[in-house]
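Just the one chain here, the form predicted alone, laid out as structure tokens.
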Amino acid sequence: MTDDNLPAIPADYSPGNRQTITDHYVAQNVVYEAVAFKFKNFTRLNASRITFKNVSFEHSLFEGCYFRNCVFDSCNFTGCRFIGSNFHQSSFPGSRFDYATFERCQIDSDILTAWNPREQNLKMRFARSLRMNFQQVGDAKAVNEAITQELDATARHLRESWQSEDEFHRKKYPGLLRVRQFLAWLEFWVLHFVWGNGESISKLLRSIIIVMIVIAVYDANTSSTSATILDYWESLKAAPAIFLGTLSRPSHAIAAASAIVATRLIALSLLTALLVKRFGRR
């Protein structure tokens, strides 16, 4: 189909309110500006050691911009999109970033904790966008910080979605959707307990230790009809070997032995995935 065959734009549609600003330089401080910087497409906008105070940048696009040592004090970046821009040593005290997204931007990681949105669902998306941004620019330490913030916000958001009685959550998740959110939160909580949703080696090792304790209890009770403290201790010492498959017990049922093998394979798979994921970010 050619363009000639496409339906024409209705005549009563008005043109957009966006204005493109290209290759400009901000030479002096900007304060209490509520209109001039809204709904703009900023391309290669530059500023150095400039303070922007109470400036609204709502729904603006920043592409290829460079802001060095600038202070964005109490500015509004709601709905903004940042692409390939550099905010070297710039800070954003008291600024809002609701629905803001970032791509290939150089920006300090303290934006994750100091100026993120208050609502947990917005905070989750904010951290996710910055995580992807930090991955694109190769900042591994900032990626880990972003993942921590994203997981924390996700857990809070899922819990509030089924537990909270406020109007927003009850209208968005009515009836069975509330049950679905509970199941989603339960799955997230279990995976977070087992291996920190793929981010915690210590939690995975803790889970393996718990499995070994269960194996020791089971082994002591199958080896003796009335297990003593000494039996439990001996089984606990043998549990690592039973878990790793270097020691077999004839007294174990086939189902129990199969469950131990399956648990070992799953644990080793999770450990491998976690190590590859953790150290493969560079």
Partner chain sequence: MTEFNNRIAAQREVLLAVNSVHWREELYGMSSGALERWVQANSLNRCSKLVSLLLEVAGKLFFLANKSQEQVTAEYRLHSSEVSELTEAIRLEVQQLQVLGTDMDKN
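Positions refer to the first chain, counted from 1. Bear in mind the structure is a predicted one, so any value in this text is a computation, not a measurement.
Not pictured, yet referred to below: the form predicted in complex with the partner chain.
Contact check for Gln163: no non-hydrogen atom falls within 4.5 Å of the partner chain in the model of the complex. Using a 4.5 angstroms threshold between heavy atoms, Lys53 counts as touching the partner chain in the model of the complex. Heavy atoms of Ser202 never reach within 4.5 Å of the partner chain in the model of the complex, leaving it off the interface. Although the partner is absent from this view, Val71 contacts the partner chain in the model of the complex, with a non-hydrogen atom inside 4.5 angstroms. Across the options 120 to 128, 176 to 184, 88 to 96, 147 to 155, residues that bring heavy atoms within 4.5 Å of the partner chain in the model of the complex belong to 88 to 96. With the partner omitted from this view, the residue of Gln135, Thr78, Thr101, Ser109 that lies near the partner chain in the model of the complex is Ser109 [heavy atom within 4.5 Å]. Of the residues in 247 to 270, none comes within 4.5 Å of the partner chain in the model of the complex through any heavy atom.
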